[in-house]
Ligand code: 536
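The chain below stands alone, shown as structure tokens; this is the form predicted alone.
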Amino acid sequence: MPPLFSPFPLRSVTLRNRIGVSPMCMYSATDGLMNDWHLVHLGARAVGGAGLVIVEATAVSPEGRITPDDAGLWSDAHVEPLARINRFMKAHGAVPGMQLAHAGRKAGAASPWKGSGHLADEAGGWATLAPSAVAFSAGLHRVPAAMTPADITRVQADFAAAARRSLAAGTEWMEIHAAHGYLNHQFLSPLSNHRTDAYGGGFENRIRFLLETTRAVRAVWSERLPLTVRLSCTDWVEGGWDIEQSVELSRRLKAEGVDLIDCSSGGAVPDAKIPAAPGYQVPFAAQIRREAGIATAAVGLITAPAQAEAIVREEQADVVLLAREFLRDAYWPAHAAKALGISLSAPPQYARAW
């Protein structure tokens, strides 16, 4: 059995293989409510053989949405649409995962095919929050309000409430989004966090918001189920967040009950020079796994079956997460299995083709 297709147990959950669907925004929800698009999109990847399917970055509050079209979990009305999707994915062998997010200063933008820039209030935009009153870029030009202590407490409570709703919807794998320049990452990076209070300045202060948020989520999230965190392991900018800080933060997160670090990078500033190439982020997953003693997921331009197999076989990461490749091929696991000399059990409806 190729290691890529070996089971992966974490707490009481076991992935049927080491292949996961990375959370990818669909910008297709209405008032945060998931719909038939999400069911078909996510369900197809479960049918296609993925061991884990993580629902897109899902906002913990209306103000935390990247765009007005984002999925959300800020009210009980959002639970059943998600539960419907989770039931389908689980029925077809995939562990249903969730990524909880708050966009911070990147919130209130247009969806990519509508321009991506910040929306004016009269066009559906809204006031944003961040660690510091610093805009992201010319395109995302809105200056956020620096969060007060009351804002911090409220947003952390929003994460916990959304985790509770996700649990009620049958989610079995939770990920806190602390990457790609969104709110948790904004606190971590000195490029976006200019605070002088207990949440800014040195490393210990900059990690405080995420540690407290993690603690709040772990308190309501079932002890039986995995809790994970996605990090941008480096900002790719001198003086920004880096891999050494990510390793130490991963040690602290493990002590808070986090089970796995999803290792991505970038997003803190618009002008970072990112050396994107196949597997360019895998070394981060390998280093954190080795030095922090915690399971990791590798992500980023992983496309070929042999490449994914090598990552797991060489113990660079425990799980590989694919994004764009799954958009191109919902049945990538089945095709990868065949390339590696094995076959997956097909749904009976598809058995004649597999």
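One rule holds for the numbers: they count along the sequence shown, beginning at 1. Nothing here was measured: the structure is a model prediction, and the numbers come from that model.
A second form of this protein, the form predicted in complex with this ligand, is not displayed here; the remarks below concern that form.
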Heavy atom within 4.5 Å of this ligand in the predicted complex: which of L340, C25, V13, A346?
C25
Contact with this ligand in the predicted complex, heavy atom within 4.5 Å, among A46, A57, V312, I302 goes to A57
Specify the contacting stretch among 259-267, 205-213, 189-197, 122-130, defined as having any heavy atom within 4.5 Å of this ligand in the predicted complex.
259-267
Within a 4.5 Å heavy atom cut-off, is Y182 in contact with this ligand in the predicted complex?
yes
Although this ligand is absent from this view, report whether L321 comes within 4.5 Å of it in the predicted complex, heavy atoms only.
no
Does the 4.5 Å heavy atom contact test between H177 and this ligand in the predicted complex come out positive?
yes
Contact label in the predicted complex: L42 to this ligand, heavy atom within 4.5 Å:
no
